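Take a look at this single chain, the form predicted alone, given in structure tokens.
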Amino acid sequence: MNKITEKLLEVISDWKGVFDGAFNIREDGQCVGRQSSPNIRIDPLAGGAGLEIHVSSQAQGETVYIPACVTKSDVNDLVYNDFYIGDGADVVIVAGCGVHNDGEGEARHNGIHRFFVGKGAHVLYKEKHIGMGDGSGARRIDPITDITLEEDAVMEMDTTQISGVDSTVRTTNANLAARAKLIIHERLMTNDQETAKTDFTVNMNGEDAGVDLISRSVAKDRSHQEYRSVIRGNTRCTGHSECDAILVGNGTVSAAPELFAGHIDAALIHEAAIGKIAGEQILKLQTLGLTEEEAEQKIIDGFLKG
């Protein structure tokens, strides 16, 4: 494992020189470290294109780390990871991605993750993306997440991308059985001429399923973002989609939340708000001794944490 990978791991997965429990570290398309634990087994996917992660029902409060790093240009890393979560398990999955590019060629990571979450299981999935390096080559991260939640399963997704990724397309598809819950919190910031597209599609097929999609984003400079969410309530269920965006400079945002109620007892709602930072907010902080730039950054930080 090279020094760039170690630096990226500190940012995306709180690396302190070692991971406790199960982990797999991917560097430039290759495995550079892997360990299973008594309740979490990590196996190579047939054909060597990714992993199968099996979480036993006995896993309670355990964490598995599946970070991926690209450390140079002219790398196009594609990986397939399948997660099988046993009935009643309780697990945290940390699957961040960092792309470092000091060259002229493109550096890209595309992770295709499939989750099969058993009855009554609980999953917290944490995914942080970041781009680094001084090269002129593009840094791209294009994650695809497919989720199947069985009865009474709960999955929370906490996804963050705060800097340095020139282009990203983030696609999430989910199917929920009875009483299953999906909660997604997305935090996103783009700068310069970066582009980011988010595409959520959730099908609630079981009675009393529920989904809560919350996206907070900041588009700065000349960057552009697109947000699209589709919630389909095919039975008695609840669904909520919220997209809040702040424009700074010449940033642009397109938001398109969509709802489909296929049942009389499907209760669905969406909210979308796009605007700039209010001048009075900045002035108030300036009276406390902050510069305009410091005040703007403090407001942005608080907004993304909210």
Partner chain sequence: MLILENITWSVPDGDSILKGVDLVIPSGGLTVITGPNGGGKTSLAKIVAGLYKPDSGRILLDGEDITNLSITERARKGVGYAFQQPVRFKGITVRDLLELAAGHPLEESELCDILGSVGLCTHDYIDREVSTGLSGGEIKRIEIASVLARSDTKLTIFDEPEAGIDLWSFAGLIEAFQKLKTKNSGSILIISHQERILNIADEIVVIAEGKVRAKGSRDEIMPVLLADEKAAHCPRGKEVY
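In this text the structure is predicted, and so the values were computed from the model without any measurement. Positions refer to the first chain, counted from 1. For clarity, a rigid core is taken as the largest C-alpha set superposing within 1.5 Å between two forms.
Absent from the display: the form predicted together with the partner chain. The rest refers to it.
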The unique member of Glu258, Glu52, Glu242, Asp28 whose heavy atoms fall within 4.5 Å of the partner chain in the predicted bound form: Glu242
Interface residue in the predicted bound form among Gln281, Thr238, Ser254, Ser37, criterion: non-hydrogen atom within 4.5 angstroms of the partner chain: Gln281
Distance check, Gly17 to the partner chain in the predicted bound form, heavy atom within 4.5 Å: no
Contact label in the predicted bound form: Arg216 to the partner chain, heavy atom within 4.5 Å: yes
Non-hydrogen atom contact Lys305 with the partner chain in the predicted bound form at 4.5 angstroms: yes
Partner proximity in the predicted bound form: Leu290 to the partner chain, non-hydrogen atom cutoff 4.5 Å: yes
Partner-facing stretch of 258 to 266, 59 to 67, 273 to 281, 39 to 47, counted where any non-hydrogen atom is within 4.5 angstroms of the partner chain in the predicted bound form: 273 to 281
Residues from 57 to 77 in contact with the partner chain (non-hydrogen atom within 4.5 Å) in the predicted bound form: none
Flag for Glu293, CA shift 2 Å or larger between this form and the one not shown after aligning core: yes
Displaced residue check between this form and the one not shown: Glu280, CA, 2 Å or over, core reference: yes
